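Below, in structure tokens: the form predicted alone, a single chain.
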């Protein structure tokens, strides 16, 4: 049987994924992925959530209140958040600050989350806005309430992402020397200059902020991505919480994200802390992601809510594909390079693989999606 170039890369990547190992235990709870409501996804649509490309605070916060109530079945907003969070929690909100201003985490969405957490009894000082890079996080710092803590693992994006200072410098009890607790070791995924005999090259270490919170909320944005196909909840958690991630797509015709993303997210320290995924689809990006061009942004007026990150990603993936088809482009899974996206292999199948690894529901027939239209 003759294999295509893409099939060869896929088989090599699958073999590499099979050899991946993770280090560091963290206890599972009833909130661990896929969470309290496996397969349940709520979409909330409000036509006034964006006007002339500008986020509208009141409609968005109304959407968030309704979305949480519909997701949890609670009779009011405060009780909805109390289903997932309590006064004992330290909550990390993994935002998405990477892109043009219309496709990054909005002030209205961030405020909606922080207000809900306060209603659940979480102390203001125990709410932490997180991202991998400080420079990108600084881009939305002015949007944050002054009392919210901020945490970043490194200063800025770099081709060499093996810096370790902000990534889990914790020592194993009773062990002398440097011995980080939490990482995933993927020796099959390397950049050309990296060595399989160098642990800092084969491993991706967990960001300090992941180890310092008890629960995590993924606040992603509805976006296309030229290597991952889509960048939603899973991608937000994977690339945003680890170092040495650039090796997962080392060349325009070599892509391991289909296996790398679910391998990273399945680590107990991430899987057992992520309790909620919110995908901000007020605006969506259907091409040229993740940074984006305004020509490819559309007003989708919808937000998605789920404890099941995989199921929420699947629904949002379909929304992006629908917009691409309207624009005359192929679906993410079958798309290759174009004048705006250089990579020839896109892998939104990382969502499917995550489902196959037990992180959530990925088959359409297993997902209970309900859209609530407010205006």
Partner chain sequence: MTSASAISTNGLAAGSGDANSTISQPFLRSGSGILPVSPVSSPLAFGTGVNSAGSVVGYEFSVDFSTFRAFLNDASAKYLPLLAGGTNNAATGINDLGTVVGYSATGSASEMAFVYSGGVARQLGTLPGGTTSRANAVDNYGNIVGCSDTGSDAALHAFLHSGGIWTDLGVRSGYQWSEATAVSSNQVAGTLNDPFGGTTAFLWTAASGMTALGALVPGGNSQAFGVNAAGDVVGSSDGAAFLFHDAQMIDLATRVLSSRGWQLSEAVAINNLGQIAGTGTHNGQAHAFLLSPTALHRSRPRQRKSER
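Numbering follows the first chain given and starts at 1. Just so it is clear, the model here is predicted, and its values are computed rather than measured.
This protein has a second form, the form predicted together with its partner chain, left out of what is shown; the following refers to that one.
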*asked:* So its partner chain isn't shown here. In the model of the complex, which residue out of 78, 166, 250, 188 has a non-hydrogen atom within 4.5 Å of it?
replied: 78
_Just to confirm, with a 4.5 Å cut-off on non-hydrogen atoms, which of 123, 135, 293, 141 contacts its partner chain in the model of the complex?_
123
*Please name which of the stretches 295-303, 254-262, 147-155, 235-243 has residues with heavy atoms lying within 4.5 Å of its partner chain in the model of the complex.*
147-155
*Using the partner position in the model of the complex, report whether residue 286 sits within 4.5 Å of its partner chain, counting heavy atoms only.*
no
*Give a yes/no on whether residue 182 approaches its partner chain to within 4.5 Å in the model of the complex, heavy atoms considered.*
yes
*Taking heavy atoms and a 4.5 Å cut-off, does residue 328 contact its partner chain in the model of the complex?*
no
*Is residue 356 close enough to its partner chain in the model of the complex to count, meaning some heavy atom within 4.5 Å?*
no
*Who in 104-133 is close to its partner chain in the model of the complex, meaning a heavy atom within 4.5 Å?*
107, 111, 114, 115, 118, 119, 123, 124, 125, 126
